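One chain comes next, on its own, written out as structure tokens in the form predicted on its own.
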């Protein structure tokens, strides 16, 4: 069956129709999927009742899945490539991934090989709610004035795993271990996509603490403006999940947020693979808590 691409948004998002991930894919089909992904940034593949092993196999056709990062203690017990984003109980305790992604972010931007993409499979969804929104970061950059583009192009911003509000809801011992494994990383404020050559904004509220070379007040003002600008409705696709949806997004040019518009009394169980990207960024030392609060407060 030939593949059909059905656009879901004006600037971002498309449904890929005709793909069956329970079957092996030939090289031509994989090339079609990759082309549709690059063109649309977010792809939705409906009705994929697949096993975790099939999820991993599909991911491996598109890239090299991540197998160890700051969240690897929530990996699937039989598949290290899969992160469980779930509100199921884990070892008798509420899962610490149940509130993951409540701020706009690009996955693992605080690493030296930030992901090329993420592939999320909906195994259980709430009765209502649980939407995810995606923002086109090409468009966010391209709709800035030429003067602002020229100002931002050479700048670096620091991304710190510890900046996320989610850290306050996690076990302190686990957070400390994650902190030691994950130092801050400076990334380009404007990142050039390694495959398309297009420029995209690469800052987000969950991890970006400050822009290097600016005062805290200047940095806060610029980042607050950019965060709001990236949330412009015209840049966004909002996905309403159906059971066994696969949604895949390009982290190099997409920011996203998981909306908490549902109750944890309703199960939500999602499995995510994350594809390793090209090297980017450089390590920075972490400031004291007082330093970070000063930057955040401006």
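Positions refer to the first chain, counted from 1. Because the structure is a prediction, the values reported are computed rather than measured.
Beyond the structure shown, there is the form predicted in complex with succinic acid, which is absent from this document and is the topic of what follows.
Undergrad: Heavy atoms, 4.5 Å, succinic acid in the model of the complex: which of 179-187, 143-151, 196-204, 94-102 makes the cut? Say which one.
TA: Within 4.5 Å of the partner lies stretch 94-102.
Undergrad: Contact between residue 42 and succinic acid in the model of the complex at 4.5 Å, heavy atoms?
TA: The answer is no: residue 42 has no heavy atom within 4.5 Å of succinic acid.
Undergrad: Do residue 111 and succinic acid share at least one heavy atom pair within 4.5 Å in the model of the complex?
TA: Taking the distances in the model of the complex, the answer for residue 111 is no, it never comes within 4.5 Å of succinic acid.
Undergrad: Against succinic acid in the model of the complex, would residue 272 count as a contact residue? Criterion: heavy atoms within 4.5 Å.
TA: So residue 272 counts as contacting succinic acid.
Undergrad: Using a 4.5 Å heavy atom cut-off, state whether residue 241 contacts succinic acid in the model of the complex.
TA: Residue 241: yes, in contact with succinic acid in the model of the complex.
Undergrad: Can we say 37, 252 and 280 each have a non-hydrogen atom within 4.5 Å of succinic acid in the model of the complex?
TA: No, none of 37, 252 and 280 comes within 4.5 Å of succinic acid in the model of the complex.
Undergrad: Heavy atom within 4.5 Å of succinic acid in the model of the complex: which of 50, 56, 236, 258?
TA: Of the candidates 50, 56, 236, 258, 258 is the one lying within 4.5 Å of succinic acid in the model of the complex.
Undergrad: Just to be sure I understand the contacts: of 132, 163, 219, 87, which is the one whose heavy atoms reach within 4.5 angstroms of succinic acid in the model of the complex?
TA: Answer to the contact question: 132.
Undergrad: What residues in 106-135 sit within 4.5 Å of succinic acid in the model of the complex, counting heavy atoms only?
TA: Heavy-atom contacts to succinic acid in the model of the complex: 107, 120, 132.
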